[in-house]
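So this first bit is one chain, no partners, the form predicted on its own, shown in structure tokens.
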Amino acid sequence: MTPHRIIIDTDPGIDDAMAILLAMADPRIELMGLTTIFGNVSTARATRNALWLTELAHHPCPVAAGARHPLMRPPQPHPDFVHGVEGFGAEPAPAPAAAPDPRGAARFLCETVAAHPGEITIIAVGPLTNLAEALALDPAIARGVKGVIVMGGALRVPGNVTPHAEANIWHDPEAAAAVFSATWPMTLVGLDVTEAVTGTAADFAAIARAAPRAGGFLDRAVQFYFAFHQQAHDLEGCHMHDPTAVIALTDPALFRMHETAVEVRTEGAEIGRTVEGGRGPRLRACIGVDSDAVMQVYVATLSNGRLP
């Protein structure tokens, strides 16, 4: 079986680290690179964190730094109460040895897709500014990419930043509107399914036993995330937002999807809301999930011996 070639656009972030290490561990995936964006942390910290994760996992790949602020509006504060000031909970700031790719994220995305037409899936697990800038830089990326998976939005459930908006869309709604209007094959993995998938302390302890270096790091970092979920949601465990988007690529049978256009509200009281319907391109929206099976895939993959 030919591996899925992917680029992850990311703002690491605890659950971003979960998703990146999942991609590195899964033999069904070839990780072609990481592009970084503001959101959970600044773009500079996101780039540092992404570089460090490649070293932690002994899995070198290019890391390209992306946009530092939204397309049209001031940046929002970073949610350090969710991910910690440095991005990995109480874990100290990492110090990677490598430097980022000299190309910016938008150029890296366009050039890598152009070099591998029809082969690369972009999995975006942060605000969508880099993807919008890539579309503006070279609109042909929409024809050249195999697919785009967006972890974002909330179609039939409330938002997690406002009653209407999910965080990745809310951070740059104009970028999200541009991405949702593009004619590329797109799958939306929103709060409708990601809040249904819960990782537990036992799950991460098992991963740490199987992969003491990378899994041990995740187990330590996720304790901060657990504390947030306990306080904010009275949840014993944590939502598995970003890794669920990766599993939607590798194990789509675990999801119930339907086709719809999605519009993004960019003004008024519901800024950042994702609304089903409209006249835009149709995408596949995840509206149901076998949550237990997703967690089984996650734990088994990170415990398969490919991570240190």
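Not measured: the values here are computed from a predicted model. All residue numbers refer to positions in the sequence shown, first residue = 1.
The protein also exists as the form predicted in complex with a small molecule; that form is not presented, and the subsequent description refers to it.
Residue in contact with the small molecule in the model of the complex (any heavy atom within 4.5 Å), chosen from M151, L131, V193, V145: M151. The partner is absent here; in the model of the complex, the one residue of A167, A221, M186, C110 having a heavy atom within 4.5 Å of the small molecule is A167. Interface membership of H83, defined by any non-hydrogen atom within 4.5 Å of the small molecule in the model of the complex, is confirmed. Contact annotation for T121: none of its heavy atoms lies within 4.5 Å of the small molecule in the model of the complex. In the model of the complex, the small molecule lies farther than 4.5 Å from every heavy atom of A105. The small molecule is not shown here, and in the model of the complex it never comes within 4.5 Å of any heavy atom of N49. Look at 167 to 175, 230 to 238, 111 to 119, 137 to 145: in the model of the complex, residues with non-hydrogen atoms within 4.5 angstroms of the small molecule sit in 167 to 175.
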